[in-house]
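The chain below stands alone and is given in structure tokens; this is the form predicted on its own.
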Amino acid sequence: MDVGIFGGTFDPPHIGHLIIAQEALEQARLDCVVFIPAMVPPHKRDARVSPFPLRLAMVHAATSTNPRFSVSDIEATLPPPSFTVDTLRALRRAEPEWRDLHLIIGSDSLLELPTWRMPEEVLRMARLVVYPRAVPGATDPSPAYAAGALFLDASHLPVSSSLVRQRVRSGRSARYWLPDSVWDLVVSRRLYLSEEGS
């Protein structure tokens, strides 16, 4: 199987995440996309993040209507923080039938790839599938890391989890920024009304 691996904090998962996953499915000719919420995001260790079970529930809700999307809680079984190289290794052991892994990341993450733990090992285990994100003042990524990557032909989406949280905290609706099932969870559990990750 050709499997897309889509990791992230997903606090909350929004329509942009689903559009990116669908574009990756089609353009990379994947069999499925597996969403993997980060248990302890390494780049957000000092930030407040919603509890893992809540973020996992929101991702399940967001992806439930697409049979080619699935969700893995594998990072809950790994020592924190949630480094991509450790997750890919664990997936290789747990899912040997997943022949080719395709790591779905934003162009901002591609620029940061040299700072990841063991980036060469990440590239050995998975092909990069990169979606466009606005990165002010960005330079071109290292050719060594961009080589072999598939750059998705997709428009930049002006939606992010942080913008959703800001809207809710300021009393504005984030409906239509989120799948209805996720918006219902945000409203019913009164999420993001004060501090981020509350």
Ligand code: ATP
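Treat the numbers as computed from the prediction; the structure is a model and nothing was measured. In case it trips you up, residue 1 is the first one in the sequence shown, and so on.
Heads up, the form predicted in complex with the ligand isn't pictured, but that's what we're talking about next.
- For the residues 32, 150, 157, 144, the 4.5 Å heavy atom test against the ligand in the predicted complex is passed only by 157.
- Contact with the ligand, judged by heavy atoms within 4.5 Å in the predicted complex, is confined among 103-111, 118-126, 88-96, 67-75 to 103-111.
- Within this chain, residue 162 lines the site of the ligand in the predicted complex, having a heavy atom no more than 4.5 Å away.
- In the predicted complex, the ligand sits within 4.5 Å of a heavy atom of residue 132.
- The shortest heavy atom separation between residue 44 and the ligand in the predicted complex is within 4.5 Å.
- The ligand in the predicted complex comes within 4.5 Å of a heavy atom belonging to residue 20.
- Contacts between 1-34 and the ligand, taken as any heavy atom within 4.5 Å in the predicted complex, involve 6, 7, 8, 9, 10, 14, 17, 20.
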